[in-house]
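Only one chain is shown below, in structure tokens, and it's the form predicted alone.
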Amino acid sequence: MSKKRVLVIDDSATVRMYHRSVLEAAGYEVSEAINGIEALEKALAVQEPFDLYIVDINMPKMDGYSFLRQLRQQPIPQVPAIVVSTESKTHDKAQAYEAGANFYLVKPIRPDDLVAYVCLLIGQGGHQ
């Protein structure tokens, strides 16, 4: 059984490292992107599609909303996306769902919660 692949999209190196360490410990394969443009390029370039996207909202060049809207228009397998953001207002959540998010979490998120939501949307990591 191959590992489930997750793309973490966040302009903060600290946040990317945190998500990577939590998800790799849970058995997931993790790739990173620093903004929506890089994430879209990675999503379109891979031979084996990602199983999940973890998306920040506030990023330079292309924010999370724009990334999700463009991603959802691409002729690639569409997989779940979890928005993890410091933005906690109702309109931020609504905008994320309208753009194509499947779930919305507010930072900071506990490791157990992150793994639980990822597992809920795509199943176990590399564990059999």
Partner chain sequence: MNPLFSQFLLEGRELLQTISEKLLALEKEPESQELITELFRAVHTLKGTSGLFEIPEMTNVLHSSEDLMDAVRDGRLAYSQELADRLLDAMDFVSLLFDILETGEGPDPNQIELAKELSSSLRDLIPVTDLQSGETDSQGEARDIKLPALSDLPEDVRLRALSEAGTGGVNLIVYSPDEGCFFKGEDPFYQALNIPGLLWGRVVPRTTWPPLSDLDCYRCMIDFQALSKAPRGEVLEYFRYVPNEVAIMTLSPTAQSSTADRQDERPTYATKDTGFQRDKAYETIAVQAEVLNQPEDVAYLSGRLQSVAKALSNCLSALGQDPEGLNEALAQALQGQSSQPLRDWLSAYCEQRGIELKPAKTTAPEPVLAPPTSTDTTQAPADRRPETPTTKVLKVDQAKVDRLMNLIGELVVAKNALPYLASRAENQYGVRELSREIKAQYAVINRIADEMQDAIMQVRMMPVSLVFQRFQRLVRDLSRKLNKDVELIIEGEETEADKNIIEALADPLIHIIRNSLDHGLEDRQQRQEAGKSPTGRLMISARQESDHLVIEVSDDGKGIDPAVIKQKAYERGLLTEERIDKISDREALNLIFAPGFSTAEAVTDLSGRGVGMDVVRSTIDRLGGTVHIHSEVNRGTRIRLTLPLSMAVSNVMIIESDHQIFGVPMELVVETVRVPRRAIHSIKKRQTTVMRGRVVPLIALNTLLDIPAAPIANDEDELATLVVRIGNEPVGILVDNFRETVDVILKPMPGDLGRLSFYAGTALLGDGSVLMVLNLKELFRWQFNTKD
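In this text, all values refer to a predicted model and were calculated from it rather than measured experimentally. Positions refer to the first chain, counted from 1.
The form predicted together with its partner chain is left out here; the points below concern that form.
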Quick one: does T90 come within 4.5 Å of its partner chain in the predicted bound form, counting heavy atoms only? yes
Check G100 for me: does it contact its partner chain in the predicted bound form (non-hydrogen atoms, 4.5 angstroms)? yes
So, P80 and its partner chain: in the predicted bound form, are they within 4.5 Å at any heavy atom pair? yes
Does its partner chain get within 4.5 angstroms of any non-hydrogen atom of M17 in the predicted bound form? yes
Along 20-50, which positions have a non-hydrogen atom within 4.5 Å of its partner chain in the predicted bound form? I37, L40, E41
